[in-house]
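Listed next as structure tokens is one chain, alone, in the form predicted alone.
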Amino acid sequence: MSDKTAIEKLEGLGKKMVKEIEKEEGPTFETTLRTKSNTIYDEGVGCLRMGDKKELRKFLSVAQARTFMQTVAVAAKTKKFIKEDLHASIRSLFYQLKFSLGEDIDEDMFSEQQESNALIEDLEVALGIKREDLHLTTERKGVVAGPIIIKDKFGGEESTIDGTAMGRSGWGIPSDVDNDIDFKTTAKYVLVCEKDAMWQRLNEDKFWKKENCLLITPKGQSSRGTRRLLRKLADKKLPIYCFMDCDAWGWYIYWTIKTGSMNLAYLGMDFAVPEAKFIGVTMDDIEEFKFLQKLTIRAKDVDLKRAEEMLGYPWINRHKEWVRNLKLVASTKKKIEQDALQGERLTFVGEYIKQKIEGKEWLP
């Protein structure tokens, strides 16, 4: 979204409130209700999205006046960032607005960052805008290597990044991969590797060069920038294969990539990749690769509880393969990390991934 459009959306919100005041009405702010009960799995597109329930906040309400005032303050401050062509972290925004409300009022505008974070999301939903378009940045966590050329027009200068020439470090995926950034790739597919340590193993083996693929690690749960990049790569018709730990936590990271998360359901398909496939690690691998039987880890109560929760999600339990794997974790009380695939030999991991992809041995 252009800066001009983002400013128009923010000003539109302000103009609506002014009109309400001119009519001698209390100004209001309406946004979609972001709750679990208003989160829907859209089978048509294969992602989580918000339902139709709305929340109306009124300035002339003792219970809502503070939140209303805070919302307006966040909107005004982000408009200032855009006009100044400056970017700020969501933590910086909190400190920009944490000032006292007055000498005679022993209260700050914001006391906790969670307050401002929630209101950023409210603005995203109400205005149909992403926080990155408001010049707000979040955690930069993912890394990519492989045949990709990135053109980054940041800070008034254009930089060209070659993903094949990043050595052992890779390119750190920024929180905003939409504005002033373009890329081209000749890769055949994308491999998402849950852990950074395994990514380093594959990067050292030049797996991305041998297989002509993009190698990405979200370093655990995917950040917004990583999810958005995966969506853009999927839009270029690149297959997305995911390689995670064989436990409920690694599997949930996969499902967050595939269907989006409940926390970001309001962004729908912008941050979901329904086309993604899970190549492993699965419970079946323990039987197929005998050396793994000595490398399993006993699942803790928290692991079993997480698996049980996942069995309750309709977007997961509709797949019999996933139900079977989750129930195997519960019955055997075992799990296994992707790192265990190095127990045979360090280079076995690449062979494992090739076998899975070439044989189409994946879970939906």
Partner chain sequence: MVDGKDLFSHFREHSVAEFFKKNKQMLGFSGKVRSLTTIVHEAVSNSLDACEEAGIVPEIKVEVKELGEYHYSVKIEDNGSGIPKSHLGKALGQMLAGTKFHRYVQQRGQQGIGIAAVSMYALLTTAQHPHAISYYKDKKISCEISMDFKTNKAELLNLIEEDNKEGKHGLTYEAEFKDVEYKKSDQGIFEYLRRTALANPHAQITLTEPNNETIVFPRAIQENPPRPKEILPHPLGVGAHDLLDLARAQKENRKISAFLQNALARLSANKVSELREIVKDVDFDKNPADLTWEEAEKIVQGFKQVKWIAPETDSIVPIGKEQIEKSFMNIFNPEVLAVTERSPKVYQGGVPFAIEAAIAFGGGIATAGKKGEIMRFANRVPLLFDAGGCALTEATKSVDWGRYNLKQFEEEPIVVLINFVSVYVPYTGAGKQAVAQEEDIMDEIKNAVMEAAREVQKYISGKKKAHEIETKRKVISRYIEQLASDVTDLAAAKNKNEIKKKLEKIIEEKYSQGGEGEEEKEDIPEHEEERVKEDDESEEE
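Numbering follows the first chain given and starts at 1. The model shown is predicted, which means the values in this text are computed figures rather than measured ones.
Another form, the form predicted together with its partner chain, is not on view; read the next lines as being about it.
Remark: all three candidate residues (Glu11, Gln221 and Arg224) come within 4.5 Å of its partner chain in the predicted complex, counting heavy atoms only.
Stretch 259-267 is the contacting one of 206-214, 238-246, 191-199, 259-267, since its residues have non-hydrogen atoms within 4.5 Å of its partner chain in the predicted complex.
Taking Ile297, Val45, Met69, Val323 one by one, only a single residue has any non-hydrogen atom within 4.5 Å of its partner chain in the predicted complex, and it is Met69. Here is the short version: of Phe183, Phe94, Phe81, Tyr252, the single residue with a heavy atom within 4.5 Å of its partner chain in the predicted complex is Tyr252. Looking at Glu351, you'd find every heavy atom of it more than 4.5 angstroms from its partner chain in the predicted complex.
In the predicted complex, its partner chain stays beyond 4.5 Å of every heavy atom belonging to Phe154. The closest non-hydrogen atom of Ala234 lies beyond 4.5 Å of its partner chain in the predicted complex.
Interface residue remark: Arg131 is counted as part of the site for its partner chain in the predicted complex, having a heavy atom within 4.5 Å. Residue Arg306 is the sole member of 275-308 found to place a heavy atom within 4.5 Å of its partner chain in the predicted complex.
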